[in-house]
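Shown here is one chain on its own, the form predicted on its own, set out as structure tokens.
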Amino acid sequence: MFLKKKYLLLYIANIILFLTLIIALIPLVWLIQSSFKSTDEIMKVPPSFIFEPSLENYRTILDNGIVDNLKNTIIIAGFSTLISLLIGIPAAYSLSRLKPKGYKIISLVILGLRFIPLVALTFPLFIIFANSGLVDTEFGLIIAYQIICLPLSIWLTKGFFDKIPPSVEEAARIDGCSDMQIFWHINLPIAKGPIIAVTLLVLIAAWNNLFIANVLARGNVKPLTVGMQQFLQSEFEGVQYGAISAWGTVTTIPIITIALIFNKYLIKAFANS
């Protein structure tokens, strides 16, 4: 009786997960499908699921600079992620293991940065960057993105370092290892999977950011999220839903592909968190 009840609950849970997956995929499928439709086809009520696909929307976004915007996004999101990890991983290890003076206050400040509205930080940053010549530059955006990337990197990585048993490090110290050797040769290899997961989450946060980029980069270094806005209100055509769908598809597919490639690390990281 117990086994039957267990299998019934498992069956119900699988059905719920399957339905959740379907619901989550509907917007993505709709987006990709709309990217091959004309605006008139997109606006049809009820919507048509059988239609003649067209590449016109993709030609439109190619003519409107999506290649340059994609290049900007790769550079800005990539270096933002790299810098946040180079600073965040040692900082997380220090807070977790070395516990410097005032580390609890430091931890709360880092966590608190995630709750401060971006508008409260971005506009003062704009004034500073305007006086420093960093507005509308890739370097300026990479620095500004640390507002969201660095706290995320430090806080998540610290949580994983906290779960490494201290006995592992104590055994290494008995063998004569220094703190740096323990960090480099023991903790980093143990936390490899979680660090890859954190890298992916930080990359997604940087890749999808709109608000900071919209304030600090509206010229030559526009990322994909900012570039898409040119189709929201055209002087002659109004909102170009097909071009927006094609642009959104190009923006979404790379990050989804990366997430699928490294999904096993995400699963392991969150299963052990």
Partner chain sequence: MESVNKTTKDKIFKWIITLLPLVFIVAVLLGPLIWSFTKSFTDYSMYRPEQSKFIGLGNYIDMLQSSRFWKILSVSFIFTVVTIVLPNVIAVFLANLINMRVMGKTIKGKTILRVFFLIPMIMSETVVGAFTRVFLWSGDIGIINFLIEKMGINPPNWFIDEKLALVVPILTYTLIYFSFGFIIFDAGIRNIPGSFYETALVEGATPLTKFFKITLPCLKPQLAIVLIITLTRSWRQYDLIWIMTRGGPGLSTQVLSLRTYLSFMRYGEFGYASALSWFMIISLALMSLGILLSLQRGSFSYTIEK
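None of the values given here were measured: they were computed from a predicted structure. Numbering follows the first chain given and starts at 1. For the two forms, the rigid core is made up of the largest set of C-alpha atoms that agree within 1.5 Å on superposition.
Omitted here: the form predicted in complex with the partner chain. The next part is about that form.
Contact check for residue 117: a heavy atom falls within 4.5 Å of the partner chain in the model of the complex. Taking non-hydrogen atoms only, residue 133 never approaches the partner chain to within 4.5 angstroms in the model of the complex. The partner chain in the model of the complex comes within 4.5 Å of no heavy atom belonging to residue 60. Within this chain, residue 154 lines the site of the partner chain in the model of the complex, having a heavy atom no more than 4.5 Å away. In the model of the complex, the partner chain lies beyond 4.5 angstroms of every heavy atom of every residue of 54-68. Core-superposed comparison between this form and the one not shown: CA of residue 221 displaced by less than 2 Å. A movement of the C-alpha atom of residue 256 falling short of 2 angstroms is seen between this form and the one not shown when the two forms are aligned on their rigid core. Once the rigid core is used as the reference frame, the Cα position of residue 44 differs between this form and the one not shown by 2 Å or more.
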